[in-house]
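In structure tokens, one chain follows: the form predicted alone.
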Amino acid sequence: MTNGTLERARARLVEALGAEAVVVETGALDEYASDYTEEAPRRPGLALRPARVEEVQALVRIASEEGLSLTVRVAGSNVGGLAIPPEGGAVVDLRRMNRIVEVNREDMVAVIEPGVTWEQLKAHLLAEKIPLRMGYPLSPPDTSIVANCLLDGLGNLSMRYGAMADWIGGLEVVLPDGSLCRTGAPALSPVWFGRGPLPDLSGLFVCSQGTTGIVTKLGFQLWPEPPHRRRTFILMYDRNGAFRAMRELAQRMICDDVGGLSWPTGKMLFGVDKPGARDPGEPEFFLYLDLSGQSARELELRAEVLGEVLDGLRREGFELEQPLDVPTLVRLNPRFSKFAEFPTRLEFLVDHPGGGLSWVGTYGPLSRFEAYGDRGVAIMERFGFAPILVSRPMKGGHFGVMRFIATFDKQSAEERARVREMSGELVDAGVELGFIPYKTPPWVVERIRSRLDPGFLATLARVRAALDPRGLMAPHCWPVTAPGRQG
């Protein structure tokens, strides 16, 4: 886009949205040029801050007519480079669209705009004394619920209820031509209760990273809040024992959540910025588990079954400690309060001195956790990074999350290059074992393209070409070649 064309588009956007909603100042645009990762910065030509769906429709129409690319952003905390726009393009910042449209107590669904955050909806449920709960990711409290759902992320109830795309009760979407579409239940019903039973057009906008349209409302499923809850941690001295425990506990269905964190996270929690080698006498993994019940007796019965599972693991030869509940851990060390309530901000990951954070996150079969864990840890150690692993079963154990995290100095070109090379090897190792990267960064798409089913690629290209023939919606995301255009 030439400067003259950009200026014409800017003038039209100011007329449609108002000057306060069109950002062109260099300093203000800096926040949109990068994220936590090693991805190189790219400066947008302008940023747009709509407050209403009609404004989103107007800006999309103008962008289509002027050939201006659009990249959607909310908090900008994604670690895949997805919200960094192409050089000179426009960012659509949806933070002002932060209305909780309604919370339907009886049908357990909230209708929300993309700027609604985890802490905002939680505060609303508490203030209104609504006895419903949601699952929280480990991302900061001020991040977008809608973004996590559309990227099929996860939360601390995902072991029981599935990844966050499963929680979608319908969508309102501005299509690339500026028209409006509702999918799922709200295409026919006033209650946004689910993605079916109509043809599931919501899938066109899930994991598509903004390439098919801009979601302006989402039905978000909520769940009953049990009156009795307990969060516990278990120190384990063998990584594979932790994976074995996850599978067993997932299939028993006694927990709301089962997850695991490797030893460097504990070191970092206690202020060690760059953990060295693990002492063989230290735990290698710690599991965190959420138990709940409608009565104190139900909770105790679940705790008894947990004890039986742990005793069985000990008989198999795995070394592990007795469970410690969070109040006990907090008394021992107040730093553990970070895990007392979600959502929470893990400063040791997102606010460390180097400022860089990157990860390879995958979904895949629990039966191959040990193999991927072994390969991934070896890769990270070879590149000189402490092996930070986050893992958990999902949807009752039908699949699981394996995520390898690296913190680094963003100012160091050498460290950024080393992180990218390491991440490439982690992606390759996972794909070979049947693990699929989620929230897939563009560079990962390029890396796995040759392995993807040709029919999948061709169909995706046709869908993109039909909805966005000019290729202006997040053109850097999911780069595929469509008939008649380059991607």
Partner chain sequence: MSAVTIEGPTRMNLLGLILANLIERNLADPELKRRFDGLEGAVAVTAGRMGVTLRFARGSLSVARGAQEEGARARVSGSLDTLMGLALGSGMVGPYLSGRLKARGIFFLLKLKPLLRADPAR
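Residue numbers count along the first chain shown, from 1. Since the model is a prediction, treat every value here as computed from it, not as a measurement.
In what follows, reference is made to the form predicted together with its partner chain, a form of this protein that is not presented.
The candidate spot formed by P387, G434 and V444 lies out of contact with its partner chain in the predicted complex, as no residue has a heavy atom within 4.5 Å of it.
Contact with its partner chain in the predicted complex, judged by any heavy atom within 4.5 Å, is made by just one of E341, D200, E87, E319: E319.
Checked against its partner chain in the predicted complex, the residues A296, L332, L188, C181 give one hit for a heavy atom within 4.5 Å, which is L332. Heavy atoms within 4.5 Å of its partner chain in the predicted complex map, among the stretches 356-364, 214-222, 89-97, 268-276, onto 268-276 alone. For the chain shown alone, F348 is not a contact residue for its partner chain in the predicted complex, no non-hydrogen atom being within 4.5 angstroms. By the criterion of a heavy atom within 4.5 Å, F399 is excluded from the residues contacting its partner chain in the predicted complex.
Residue contact with its partner chain in the predicted complex: G81 places no heavy atom within 4.5 Å of it.
By the criterion of a heavy atom within 4.5 Å, Y237 is counted among the residues contacting its partner chain in the predicted complex.
Using a 4.5 Å cut-off on any heavy atom, the residues of 280-309 that reach its partner chain in the predicted complex are, in sequence order, P280, G281, E282, P283, F286.
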